[in-house]
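In the structure tokens that follow, a single protein chain appears in two forms: structure 1, then structure 2.
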Structure 1
């Protein structure tokens, strides 16, 4: 029953997303056939079909979640909000290291491995986004002035 309730609520949200995708998203030009207008439309159609399948035939298994699991889910959502808030002030690398380390530790990784995962995710993610995808990621409002004063002192 819980999966039907979840699917019904998510279906309402997805229908709203589909209305926006088909009416409000207008790109002045597209470089390829699957440009900025097509992907939201495709996503909304696939999501609606999947949710209709869940509503039509849900799983037979009971949805039993312990208090510990609810706490972890709530903590993960709170950490995502924290990551979004710290993204600009700390920059991509530091906020990703912090988020990855805490999430890994919360999921049971030993502290040293969790820190290793956080550092690897932050550095590798930055290298991937900046070098391969040519994206501009925030350096961090709190961190960037330290590097600027250090660079000015060298010149």
Structure 2
């Protein structure tokens, strides 16, 4: 069943892809026998054939995900989106502390240790990546002014 639903969703997407390939993509002028539309057309036909085979004869597999696991997964994905959302505004250190603590706590780490892990990951990650390897990570809009005043105070 899960196979069929998944294949059906993909089929809708692929049909959209095919419609665009057959109607919308056009080069204003071209010298080659194959334009930008031919390859997507071939691919869409192959994909549709594959999907039809799967719809016709799906493997009968149990999609054994309990409600509890669904909840965990949704929570994890929500946290990832939240982490991505806060990455620049809060900066690497704060957002990582937050994300590391909450996710490891949800996955069963004792609360204090989770906090320790989050803080360690945020601070050590920053020191390792920015100070040592010179990679580009967000300071954070909230933190940046602090850094600046600090630097001004030094200079």
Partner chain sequence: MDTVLSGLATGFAVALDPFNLMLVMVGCFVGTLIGALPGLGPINGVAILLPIAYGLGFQPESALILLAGIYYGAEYGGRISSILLNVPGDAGAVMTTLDGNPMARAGQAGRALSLSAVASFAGGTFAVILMSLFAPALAGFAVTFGPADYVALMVFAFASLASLVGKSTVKTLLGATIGLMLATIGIDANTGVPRYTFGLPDILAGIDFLIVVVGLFGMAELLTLVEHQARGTLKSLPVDKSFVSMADLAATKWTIARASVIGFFIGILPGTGASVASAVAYGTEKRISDKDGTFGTGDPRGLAAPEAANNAAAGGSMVPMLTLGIPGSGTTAILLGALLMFNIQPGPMMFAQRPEVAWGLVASMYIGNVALLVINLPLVGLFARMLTIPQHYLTPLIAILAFIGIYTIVGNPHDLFMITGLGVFGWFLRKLDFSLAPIVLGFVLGGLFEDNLRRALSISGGDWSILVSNWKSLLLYALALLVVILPIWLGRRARANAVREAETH
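Heads up, when I say rigid core I mean the largest set of C-alphas that superpose within 1.5 Å between the two forms. Quick caveat: nothing in here was measured; it's all calculated off a predicted structure. Positions refer to the first chain, counted from 1.
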*Which one here is the form predicted together with the partner chain?*
2
*asked:* For a quick test of reading the superposition: does residue 53 move by 2 Å or more at the CA between structures 1 and 2, rigid core aligned?
replied: yes
*Align on the rigid core first, then pass along the CA displacement of residue 13 between structures 1 and 2 in angstrom.*
11.0
